[in-house]
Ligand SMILES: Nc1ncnc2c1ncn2[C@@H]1O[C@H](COP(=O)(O)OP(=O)(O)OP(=O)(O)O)[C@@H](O)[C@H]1O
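Encoded as structure tokens, the following chain is the form predicted alone, with no partner shown.
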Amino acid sequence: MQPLIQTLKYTKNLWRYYAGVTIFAILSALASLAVPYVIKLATDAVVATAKGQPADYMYIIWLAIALFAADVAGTLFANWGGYLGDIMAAKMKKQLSEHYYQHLLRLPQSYYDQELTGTIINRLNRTIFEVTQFLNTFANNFFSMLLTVVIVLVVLFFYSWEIALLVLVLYPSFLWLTTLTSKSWQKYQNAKNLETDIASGRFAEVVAQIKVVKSFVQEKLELGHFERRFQNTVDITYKQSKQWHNNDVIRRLVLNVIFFAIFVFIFLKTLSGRFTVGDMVFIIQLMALVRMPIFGMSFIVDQTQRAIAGCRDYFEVMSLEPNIQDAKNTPTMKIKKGAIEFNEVNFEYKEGEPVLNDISFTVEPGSKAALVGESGEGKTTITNLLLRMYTATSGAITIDGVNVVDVKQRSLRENIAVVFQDPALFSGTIRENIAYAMPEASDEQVIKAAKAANAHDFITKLKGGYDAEIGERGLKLSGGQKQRLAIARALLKDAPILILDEATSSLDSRAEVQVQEALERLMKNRTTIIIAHRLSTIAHVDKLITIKNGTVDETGSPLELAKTGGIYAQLLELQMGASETAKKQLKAFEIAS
């Protein structure tokens, strides 16, 4: 129960709803108890009349009115409590979802490197559904039943302490028998949740990359993966359900025996004169009120265990502490020049598996530096360390002499604009995507950024213009169009430091020219770090930094490194064989020198 109780702590501000549900549950329980009591009085009156006493018709009519009033009151109280329970569940769903989302946004990049997107989403949906469904059902039905049982026990003690004691023993006995199978049930449920999470994770990947699936004609393969995971949940359910229901048969048989003893006791005591016929009818109806929640307790326990299993997954995430946190009173980053320095920086994703070794270089304020190297050498990791998506294992990264770990992460990233290889647009309008870093930007500011990014012309040709919906990840746009919107977004941010991560690698020649013009405007008067392979992107930079085996191999201007025989020279030689543009650029370097 601890995970469930812990979850409720996140929604303790809903205490008014908890109180309202409790009050109406008590009133509903009293109304349900009034019905059998009125029937008892009516039964005694009818039996007395049958024995020769004069009939009191007005008394019977008032009892009928009281029975009607109790029924109406029970209906109203149950529905008013149910209404509060529904609102409580909706608000709880909202708050738990917000807490989860807020916490996810605080978690470091390393968490997302290890988790499937579908798993993250499915964990939220399952937890919120199971918890809110349990609490809603409990508030609308079971809580009033349990209160009814408590009141019934109190009343029974006045009629027969023997019956009350037997009823009192029923609940702990049933719960004890239930706990015998609870742990194994939880294991089965956790296994089912894992299979569902994996299936959902793959599902999300396939939907996001449906073109790949279709182009490789692997629909059948992906469906097979999906079916196999859910078949595993079916196979687990066979074992889980068989064990649960076999044990439930035993539990119910025990209850049947106890109720048999209670009814025999009631009938015998009525025959002996201890109970009147009305008392007997009243006690039997009380037994019905008690019997229903006990026999329905299997469902309650089942719902509770599902909620606990969901809460456990929820708190596995909520208990994670971001490994990159700002210390108290950490100052904000204030960039005046934009000088960047890496000083003997080492980094490893996993302990004992270094990715970067003694990385040292400087980027002068307002200059352009390119990181060059084969894929997997750590170029993007270097920019991620600058953004403090990860923290260096050792060494220092400074901007204007200030270590990036000594300033607030938010302020650091506010001063750095990034244009990724994948433009990473969001569903919504073109205006919303350009103004992502500055939602309050005016139309004039958005249009100015779009013009500088060579995007204004194609935007105005779209139906809806700047209010055109671009679809998920901008799927309605071409690669060049998406990249120009990403550049417009960076232009509007107007940060003093710029990172270009393979910003033109996936574009055709015509689109690259338009994007390159936009990038030139974007890089003007900004300290820029470029990750690229194309000479058209890196030939004009002030400094090249080549990375090999996770270390800095060479640094220098393009012209200097073109003659050393190193990584850049090899890249230049390869591209010269296939690109006349590269030859012209190299010749331009020689003339400039």
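Every value quoted in this text rests on a predicted model; they were computed, and no experiment measured them. All residue numbers are counted from 1 along the displayed sequence.
Another form exists, predicted together with the ligand; not displayed. Remarks below refer to it.
Residue heavy atoms within 4.5 Å of the ligand in the predicted complex occur in exactly one stretch of 278-286, 393-401, 379-387, 407-415, and that stretch is 379-387. With the partner omitted from this view, the residue of 355, 170, 462, 441 that lies near the ligand in the predicted complex is 355 [heavy atom within 4.5 Å]. Contact annotation: of the candidates 472, 467, 113, 227, the single residue with a non-hydrogen atom within 4.5 angstroms of the ligand in the predicted complex is 113. The putative spot formed by 176, 237 and 246 is not touched by the ligand in the predicted complex; no residue has a non-hydrogen atom within 4.5 angstroms of it. With a 4.5 Å cutoff on heavy atoms, residue 360 does not count as touching the ligand in the predicted complex; it lies far away.
Residue contact with the ligand in the predicted complex: residue 375 places a heavy atom within 4.5 Å of it. Looking at residue 349, you'd find a heavy atom of it within 4.5 angstroms of the ligand in the predicted complex. Contact check for residue 421: a non-hydrogen atom falls within 4.5 Å of the ligand in the predicted complex.
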